[in-house]
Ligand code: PCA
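Take a look at this single chain, the form predicted on its own, given in structure tokens.
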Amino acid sequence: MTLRLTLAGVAVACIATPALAQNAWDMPTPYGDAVFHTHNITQFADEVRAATDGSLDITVHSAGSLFAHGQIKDSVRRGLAPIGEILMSQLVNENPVFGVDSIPFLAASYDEAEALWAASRGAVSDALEEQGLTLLFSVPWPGQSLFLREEVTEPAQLQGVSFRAYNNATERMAQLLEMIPTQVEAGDIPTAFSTGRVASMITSPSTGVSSQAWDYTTHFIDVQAWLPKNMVFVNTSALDGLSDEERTALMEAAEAAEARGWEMSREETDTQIAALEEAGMVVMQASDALAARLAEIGAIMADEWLEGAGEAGAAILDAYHAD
């Protein structure tokens, strides 16, 4: 009798355990724990867990520890992970709409970036839906600015300088400046500089601080060329597999994370630029000559993007400029 009761208890436990764990989600993200995007996503996961009493439990795997940055989207699409975060412009080769936020000087402030996101969100969401993915939220980095090893006032000074690229837009910008682009992920920045693979970069002050840019660059030129966004998305089949209550909790937490993340990004800009200066970097504005050349490059890249994006791109820009 005792044995039968024990076996019965084991059987009940085996039946119950999958039910309790069926919505334990792993979430790969590409950036480290010190980055504000990761802080925001961790809070998002905590809020989902609290709102569902633990029935939807999201574990954040930061810094590419579960899947490398370039693998995250496909891992979610294939169901290897139900949810993930990537830099949106990383997918520009799949569809130009993913690169609209990386056109230099198209949206060079938070207000402009918000207007551009409002104009492009529907197209981005539709492009993800075609691959069985559902957009949850998106949060921008602070404006992208130049990190250099010397003061640069003339565009000619950049010719031949090795440059860290992280997407197609930064690679194209380097080419137009006659620099030498090399693709380097955020986590590899210090090594790339120390080994001589790159000698300059354009990135957010957040990445500059998290990678301790003052160890290998001396000048920060605050151009705020664009505000690229990270986006969080979920496998649509996994989303459909949630209960109504869990799905509502996830969507409400996503809405809160987007609003909170934009505010965190705004605060991050001033805080991290001050941190760069405190660490000994020279913080300066672009010279008239450099600003003029960067503006020319922005116009060239906008035309190139529009040519590839076609009617969908034109609709986005029309909506953006209408505001």
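Quantities reported herein were computed from a predicted structural model and do not represent experimental measurements. Note that residue numbering follows the sequence shown and begins at 1.
Note that the form predicted in complex with the named molecule isn't included here; everything after this is about it.
- Taken together, the three residues Pro28, Phe44 and Ile83 lack any non-hydrogen atom within 4.5 angstroms of the named molecule in the predicted complex.
- Residue heavy atoms within 4.5 Å of the named molecule in the predicted complex occur in exactly one stretch of 106-114, 161-169, 125-133, 245-253, and that stretch is 161-169.
- Exactly one listed residue, out of Ile221, Ala119, Ala186, Ala192, brings a non-hydrogen atom to within 4.5 Å of the named molecule in the predicted complex: Ala186.
- Contact with the named molecule in the predicted complex, judged by any heavy atom within 4.5 Å, is made by just one of Gln90, Thr217, Ser138, Thr203: Thr203.
- The named molecule is not shown here, and in the predicted complex it never comes within 4.5 Å of any heavy atom of Asn235.
- Pro228 belongs to the set of residues with a heavy atom inside 4.5 Å of the named molecule in the predicted complex.
- For the stretch 41-56, the set of residues having any non-hydrogen atom within 4.5 angstroms of the named molecule in the predicted complex is empty.
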